[in-house]
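Below, in structure tokens: the form predicted alone, a single chain.
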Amino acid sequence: MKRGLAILIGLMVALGASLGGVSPAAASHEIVIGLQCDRTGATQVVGVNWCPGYHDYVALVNSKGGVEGHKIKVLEIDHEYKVPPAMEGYERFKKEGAVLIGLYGTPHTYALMKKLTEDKIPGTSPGFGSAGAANGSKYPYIFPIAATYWSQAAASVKWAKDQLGGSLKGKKIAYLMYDNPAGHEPKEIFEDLAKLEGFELKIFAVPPPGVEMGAQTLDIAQRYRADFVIAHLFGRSPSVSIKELKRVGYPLKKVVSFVWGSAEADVEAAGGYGVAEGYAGLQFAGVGQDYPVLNEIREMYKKQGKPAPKEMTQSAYYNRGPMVAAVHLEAIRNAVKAKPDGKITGADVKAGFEKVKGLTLGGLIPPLEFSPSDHEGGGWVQVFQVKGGKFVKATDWFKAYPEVVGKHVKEAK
């Protein structure tokens, strides 16, 4: 109980530092962030909710005086989940003085990793991108800042193990994946864990755009007869997987999705909560609307005479916006503390990221803590599961098989 109280006080201090920690700055200096979004294109269901959440949090902080007295300016581009616009947008951000880039998309992150390092501008890739970037010693300017695909793979295996009675020995696990770099990223973790836990692993690849997977789901349910399914799909494909697995009679309580197939939008597109009962998904930010920081955002709109943004109802994706923005601004706050005039560089923000400790946003996010060697922040996830017409929290924050994930992070090339 005492520990819980100490953590809560820590949270309040950290939140206060982010939202209200305005100290008299020597002079106000506008600090520029570049934000890449997918408001259109194949994965737009994410960007239309995530990016408004990001802007709302920054507006909230600016309404309270900014970060240590300095206002934050966010430049945004819609790259349509295509790499060339992301590359062009990055160059524009750089010319306009961005000291930090919010990336979106695994192929885009791969494409920009070298340039970010050369230009000494930190980029964040929460829940996507190269899992090896958790190794800050080898990738000094990439910050996953949330559970990577490797950590998600480990957590999903632990969830499957728990659901199957505590042992995976002799079990069959199907990995249903989108056939692109993101889908392939966690395969080596699954292969290591299959040897460790004694389960059989079979991979079922779904070609882009991921809207046809009748053959794969039929194979999983009726020929392979999988004991559990771990899905790593995104865009329109998670909803297709829910519908198709339901159609072939596979129990959805034996399915867990990575973070990009775990949103209200996926369930709604599959036909609703009645169809998806039992379906579980990993999250790196909380689901729902009962969090202090979201109350502050609603209050901000109320003071402006406006209703709360409709995007909040898609909480799985919207809530990731304040999460990412809070981590960004906390890194900037740490950088500004070292340079109170606010004239910070990307290198200053990098150092600021590596000083972030105990940021939780009142429970919306896990206790993130970064260092020069750990740019992931611990690899924490929660599981939310569809029960009784809504997503219900099924676990507290946890991480799994850290020794297996850590070995791969250490050996990352």
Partner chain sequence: MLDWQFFSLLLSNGILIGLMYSLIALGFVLVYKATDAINFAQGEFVMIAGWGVAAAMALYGAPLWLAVAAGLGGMIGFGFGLERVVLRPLIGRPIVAVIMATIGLAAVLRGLGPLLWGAETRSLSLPISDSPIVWGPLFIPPIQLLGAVVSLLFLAAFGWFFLKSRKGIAMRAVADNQQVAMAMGINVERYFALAWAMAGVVSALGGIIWGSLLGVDVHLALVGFKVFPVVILGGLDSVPGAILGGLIVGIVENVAAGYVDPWVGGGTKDFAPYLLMIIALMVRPYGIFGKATIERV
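Residue numbers count along the first chain shown, from 1. Keep in mind it's a predicted model, so treat the numbers as computed, not measured.
Here the subject shifts to the form predicted together with the partner chain, a form of this protein not shown in this document.
Asks: Using a 4.5 Å heavy atom cut-off, which of 122-130, 189-197, 292-300, 207-215 contacts the partner chain in the predicted bound form?
Replies: Going through the listed ranges, the match is 207-215.
Asks: Which residue, K95, K114, K169, R225, has a heavy atom that falls within 4.5 Å of the partner chain in the predicted bound form?
Replies: Spelling it out, the residue with a heavy atom inside the cut-off is R225.
Asks: Looking at V248, V83, L75, L164, which has any heavy atom no more than 4.5 Å from the partner chain in the predicted bound form?
Replies: Looking at V248, V83, L75, L164 one by one, just V248 meets the 4.5 Å heavy-atom criterion.
Asks: Although the partner chain is absent from this view, report whether K339 comes within 4.5 Å of it in the predicted bound form, heavy atoms only.
Replies: Contact with the partner chain, no.
Asks: Does E277 make contact with the partner chain in the predicted bound form, using a 4.5 Å heavy atom cut-off?
Replies: Flag for E277 set to no.
Asks: Indicate whether the partner chain has at least one heavy atom within 4.5 Å of a heavy atom of V240 in the predicted bound form.
Replies: Yes, contact at 4.5 Å.
Asks: Just checking whether R236 would be counted as a contact of the partner chain in the predicted bound form - the rule being heavy atoms within 4.5 angstroms.
Replies: Yes, R236 lies within 4.5 Å of the partner chain in the predicted bound form.
Asks: Taking the partner chain in the predicted bound form, which residues of 158-189 have any heavy atom within 4.5 Å of it?
Replies: Only D179 sits within 4.5 Å of the partner.
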